[in-house]
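Single chain ahead, written as structure tokens, the form predicted alone.
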Amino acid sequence: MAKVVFLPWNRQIETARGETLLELARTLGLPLEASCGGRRTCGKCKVVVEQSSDPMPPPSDRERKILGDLVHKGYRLACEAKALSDLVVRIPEESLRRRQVVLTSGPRRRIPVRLRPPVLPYPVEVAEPVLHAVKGDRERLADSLRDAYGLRKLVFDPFVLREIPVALRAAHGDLTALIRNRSEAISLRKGRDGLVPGIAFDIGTTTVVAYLLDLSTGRSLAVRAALNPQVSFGADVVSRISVCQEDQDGLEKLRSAIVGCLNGLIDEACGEAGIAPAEVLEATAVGNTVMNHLLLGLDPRYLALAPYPPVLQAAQDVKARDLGIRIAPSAYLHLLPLKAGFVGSDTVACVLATGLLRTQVPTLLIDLGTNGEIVMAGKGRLLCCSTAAGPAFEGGHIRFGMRAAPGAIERVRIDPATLEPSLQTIDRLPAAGICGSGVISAVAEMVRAGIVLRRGNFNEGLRSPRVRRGEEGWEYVLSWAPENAVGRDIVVTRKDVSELQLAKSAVHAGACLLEERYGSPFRRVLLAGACGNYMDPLDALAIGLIPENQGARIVGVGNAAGHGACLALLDTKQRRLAERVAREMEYVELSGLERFSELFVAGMAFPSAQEIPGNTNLLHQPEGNRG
């Protein structure tokens, strides 16, 4: 048996199977970053082996390539290094998975929607039983509801049947039945007052947000958010599909992880609102197609194979208890409809929240993330597509990339005369890395300052200590080691710029193609999601993320998917509207389209950058003049 101690928590684990350090850290629930899910592609799972009872096997060629000189300081990649003897391992600051700063932007008071909730309270007086004409408790309750409200053929959930005898007698016949869609009784309570709580979930690949609302008033009771625990299996949906393919228990592991997350958010939100989880009477959920399948326990493997068919597309009503979601035992979870393999109910929810089905203004909606969903809408027509943007917009595959957590660089400004940067970090803490909006901001400023040229190469003629040749080629230093939290120079490398070029070009090409299919130019751009919300629109234009269109307004719409989930929670008409959106929206599959490939290649360049060859001898002049 080998014993491994992880610092700084001093957590111990024993293994006899030669598991990787990443697998052991995952078993202990330690926050070790591994955005690729342990597939040896991201290089984020750096650890330091401080003690070893026996010499460890030498680092692999890949470890040496990624870690460079750090190998000589005891650094290893946790996905490669195996525990074959007793070890003391430290997880350094840069490798910690930090508390995610999640965009909720949920209404803190009331949702602006007409209230037509699925669950309504029906106060009723039920006659006492009499000896000469015996009638069952359920029958007397059903008769009273029929006489008072015209409710016929009412169904009683088995859990409600168990409540009836005690509820009737405790309330002395004066109680409130909570009835769903005028057809099923799902709860009983004494008296005539009280909240009708419901909860809406936005299940993202990286983050999960829960909105606890009062269905009777639309008032927000609590908003809670968390990192999706599935990130330990991989940062993107393809990695999680691979887990289901490679591990016979993978699907259940992923399903259990997200259900546990939802239950944790329910407990937190209900605690904040001062109610019990068992009082929550309805739930809605939106997410991409893979998140939908993993929550339901549906095999997602065919979503990765052309033509990428989902198991189902239609909206679903399921008993929350059947999924292990701990709200009222008779409550339902409503899942909004899906459109395609990579256009899910979160996109449908975005359309609901932004009113695109009704807009007369040609509008482009872009939800920036690992899969960049794009919708072109106007005059009753909807077109959509999904682009494989990759994880760069969330800090993935970036040398010092990280999620939006305290200490992440989120905005950069570079003095064009001195090339000195000014950094804004989340919570104003010392820099620990750079998140998605920070990557966009940094590269946009590097373009403006002439550091990065049109094709993405560095201007090698600039004379500045911040523009230098590093281990991975040319790089720009954002933060010197003594100034930041990781003790190493935080840089933006040529490879980082290439990753952003690939991501932004995919979105740019998808948007251009939808605009061409629509037949007229867009006049408005809506940016959804955290990256889109916090990104400076001028930065997006500077790097060519959004097609140029003079006069088009660019607006951040926050967490539109979460807002759409709330609308569907409060208004059953919105659920029918969601089904119409999914039915009428035209899906454009980009893979194999020659026109998309042409637009993708054309979109790789930075349109506002200088056309200076990378091998010129141009020197930086402090006064800003270049000759």
Partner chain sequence: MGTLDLLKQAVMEGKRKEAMQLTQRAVEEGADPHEIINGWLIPALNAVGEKFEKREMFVPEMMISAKSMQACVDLLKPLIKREQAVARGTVVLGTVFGDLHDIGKNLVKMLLESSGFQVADLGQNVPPDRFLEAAREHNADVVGLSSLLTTGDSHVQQTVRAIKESEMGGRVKVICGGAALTSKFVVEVCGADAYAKDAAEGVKKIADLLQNR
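Positions refer to the first chain, counted from 1. Since the structure is predicted, the reported quantities are computational estimates derived from the model, not experimental observations.
One more form of this protein exists, namely the form predicted together with the partner chain; it is left out here, but the text below deals with it.
* Asked: If we take heavy atoms and a 4.5 Å cut-off, which stretch out of 76 to 84, 494 to 502, 202 to 210, 357 to 365 is in contact with the partner chain in the predicted bound form?
  -> Going through the listed ranges, the match is 494 to 502.
* Asked: Within 4.5 Å of the partner chain in the predicted bound form, heavy atoms considered, which of 256, 220, 457, 144?
  -> Of 256, 220, 457, 144, the residue with a heavy atom within 4.5 Å of the partner chain in the predicted bound form is 457.
* To do: Consider the chain as shown here, without its partner, and state which of 273, 151, 296, 304 has a heavy atom within 4.5 Å of the partner chain in the predicted bound form.
  => Checking each option against the partner chain in the predicted bound form, the one that comes within 4.5 Å is 304.
* Verify the flagged residues 245, 597 and 604 against the partner chain in the predicted bound form: is each one within 4.5 Å by a non-hydrogen atom? => Yes, the whole candidate spot contacts the partner chain.
* To do: Flag residue 267 as yes or no: does it have a non-hydrogen atom within 4.5 angstroms of any non-hydrogen atom of the partner chain in the predicted bound form?
  => No, residue 267 stays farther than 4.5 Å from the partner chain in the predicted bound form.
* 4.5 angstroms heavy atom contact with the partner chain in the predicted bound form for residue 122 -> No, no contact at 4.5 Å.
* Does residue 308 make contact with the partner chain in the predicted bound form, using a 4.5 Å heavy atom cut-off? -> Residue 308: yes, in contact with the partner chain in the predicted bound form.
* Would you check, heavy atoms only and a 4.5 Å threshold, whether residue 238 touches the partner chain in the predicted bound form? => Result yes; residue 238 sits at the interface with the partner chain in the predicted bound form.
* In sequence order, which positions of 568 to 594 have a non-hydrogen atom within 4.5 Å of the partner chain in the predicted bound form? -> Residues within 4.5 Å: 589, 591, 592.
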